[in-house]
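To begin, one chain is listed below as structure tokens, in the form predicted on its own.
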Amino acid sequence: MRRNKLLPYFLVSPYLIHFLVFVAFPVGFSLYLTFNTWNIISPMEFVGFGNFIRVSQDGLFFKAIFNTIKFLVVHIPLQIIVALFLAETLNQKIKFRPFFRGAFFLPVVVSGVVVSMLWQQLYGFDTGILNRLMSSVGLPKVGWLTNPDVAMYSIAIMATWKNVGLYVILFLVGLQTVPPQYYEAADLEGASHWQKFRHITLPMINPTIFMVLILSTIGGFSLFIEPYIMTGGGPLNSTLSAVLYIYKQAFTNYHMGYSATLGFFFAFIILMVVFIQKRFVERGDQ
């Protein structure tokens, strides 16, 4: 009987150990850091709410948030539209359909560092393929990564190409759950393809759209590798994302307490954005 009572605890112990070591302790330690200053080498110094006051006065951090939002404004709609279009196409009976499904998903499993380096070469001002093609037809070269007004949008397009395959798969799953009887009834009524898509497909895959919206938002707020590799946050901090700024505060300036405060503040912003999205989508269903 004692062995039977201890067996459940034994079975869940790996998860509990993982949770305590890799979740509870880091979060608790980070929360403790928010009330201290620490550069890893010197002892911690308690500053109370000093780090929180510093966040409210940090204009560069709010610029990084604005840059991230600017990225999301392009990335999320583009990703949803492209992924849904590709999923709708791949859901039809076309030749080489399994090949195309695998090809669109391939960039997802490729390292983000590798993809960023490849697109960095593609966006090159003098030697990049895009500017070479534009020059060949008489168009002026574009500073895809050197123009502050263009750089973040260029990264958004690249990130969409990198991640769209995952959302194509999710939309494909959603599309295949739509009962075919609905389309058959619509065909009998003489509905067009657009009418079937608008009045049958979109309402039926609304939960999938919401999931893709949430995942795209969280992934977009986590933007780090692309600006870190391609621009370093430049030019003129135009591609400095919030996560990249937090990273620089922690591992470049060694402001560990302040970076932890920024992390909690940024996590709260993400939580509020996701909550607003959820409320908006639920209201749209009513």
Partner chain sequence: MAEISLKNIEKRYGEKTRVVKDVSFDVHDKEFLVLVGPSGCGKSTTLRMIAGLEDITSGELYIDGKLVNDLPPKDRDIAMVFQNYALYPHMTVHDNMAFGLKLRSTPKSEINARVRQAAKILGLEDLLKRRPKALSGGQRQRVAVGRAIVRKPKVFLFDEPLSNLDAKLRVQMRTEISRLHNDLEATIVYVTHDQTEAMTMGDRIVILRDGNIEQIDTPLNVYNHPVNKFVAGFIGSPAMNFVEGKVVNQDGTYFVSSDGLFKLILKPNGFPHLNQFLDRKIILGVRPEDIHIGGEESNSGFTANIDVLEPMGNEIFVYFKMNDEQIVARLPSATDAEVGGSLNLIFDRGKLHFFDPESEEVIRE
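Not measured: the values here are computed from a predicted model. Numbering follows the first chain given and starts at 1.
One more form of this protein should be noted, the form predicted in complex with the partner chain, which is absent from this view; the next part is about it.
Engineer: Quick one: from 182, 100, 210, 161, grab the residue that has a heavy atom within 4.5 Å of the partner chain in the predicted complex.
Structural biologist: Only one listed residue qualifies here, and that residue is 182.
Engineer: Of the options 81, 191, 173, 73, which one has a non-hydrogen atom that comes within 4.5 Å of the partner chain in the predicted complex?
Structural biologist: So the residue touching the partner chain in the predicted complex, by this definition, is 191.
Engineer: Residue 199 versus the partner chain, in the predicted complex: is there a non-hydrogen atom within 4.5 Å?
Structural biologist: Although the partner chain is absent here, residue 199 would touch it in the predicted complex, with heavy atoms inside 4.5 Å.
Engineer: Any chance residue 149 has a heavy atom within 4.5 Å of the partner chain in the predicted complex?
Structural biologist: Contact with the partner chain, no.
Engineer: Answer with yes or no whether residue 89 is in contact with the partner chain in the predicted complex, where contact means some heavy atom within 4.5 Å.
Structural biologist: No - in the predicted complex, heavy atoms of residue 89 and the partner chain never come within 4.5 Å of each other.
Engineer: Taking any heavy atom pair closer than or equal to 4.5 Å as contact, tell me whether residue 204 reaches the partner chain in the predicted complex.
Structural biologist: Contact check for residue 204: yes, within 4.5 Å of the partner chain in the predicted complex.
Engineer: Looking at 183-191, 153-161, 112-120, 130-138, which lies within 4.5 angstroms of the partner chain in the predicted complex, counting heavy atoms?
Structural biologist: Looking at the partner contacts, the answer comes out as 183-191.
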